[in-house]
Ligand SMILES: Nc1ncnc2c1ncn2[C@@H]1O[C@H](COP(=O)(O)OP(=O)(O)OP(=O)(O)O)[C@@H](O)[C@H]1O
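Here's a solo chain for you in structure tokens, the form predicted alone.
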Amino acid sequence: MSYITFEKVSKVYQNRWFALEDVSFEIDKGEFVFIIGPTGAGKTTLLSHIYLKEFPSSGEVQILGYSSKTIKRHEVPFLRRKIGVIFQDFKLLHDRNVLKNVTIALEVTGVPSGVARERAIEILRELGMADKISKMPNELSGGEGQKVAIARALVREPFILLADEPTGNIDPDSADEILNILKRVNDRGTTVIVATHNYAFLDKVVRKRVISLQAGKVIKDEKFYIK
């Protein structure tokens, strides 16, 4: 089942610079996909089109039944509730503790605070962060901060999890741990898409797909599946 379809998608800035150019591919339910390429290749722009932070200059993106051409403005938040996003800089709220950084992802959608707290504690416990729920973001290591960001993305049980350079600001041991968490999430059926320029990561995931970008174009699309 196709969760994401890019059909001849181009994104042009200032009427002359192509961030994406004629990009086409489909991503199915349950795939683990690496989007790779050097800085400036278009990886972040591509991810931004999946959760419709940005819209194509031409072409069409289809995500979970929604189309970039026909989606209404009020429907975008409903689509985003089905997509978890993890950023390189974590984007934690520095005036709230760990628990509140996670519960807010549910509370803004109308989930009662008690239920939100219960779900947040459950996911933090699963990620080994149960003893950190009262800590403030500035009291966490880089790896711990990224785990909180992952918990916030997962607490709504998304169909798709996007990770934009999720290990760029953490040490190698923590990076391996984060990758293992993403693999476990994928094993449960969530479609995981990781944008990275860390090519060493590719060897640590056996069942994967690798889409290579260069100057906004897809130059290679390979699947590595166990037969």
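Small disclaimer: the values here were computed from a predicted structure and weren't measured. All residue numbers are counted from 1 along the displayed sequence.
What follows is about the form predicted in complex with the ligand, which we do not show.
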Work out which of the listed stretches, 182-190, 169-177, 40-48, 59-67, brings a heavy atom within 4.5 angstroms of the ligand in the predicted bound form.
40-48
Contact with the ligand in the predicted bound form for H197, defined as at least one heavy atom pair within 4.5 Å: yes or no?
yes
Can you check whether V218 is within 4.5 Å of the ligand in the predicted bound form, heavy atom basis?
no
Is the gap between A19 and the ligand in the predicted bound form 4.5 Å or less for some heavy atom pair?
yes
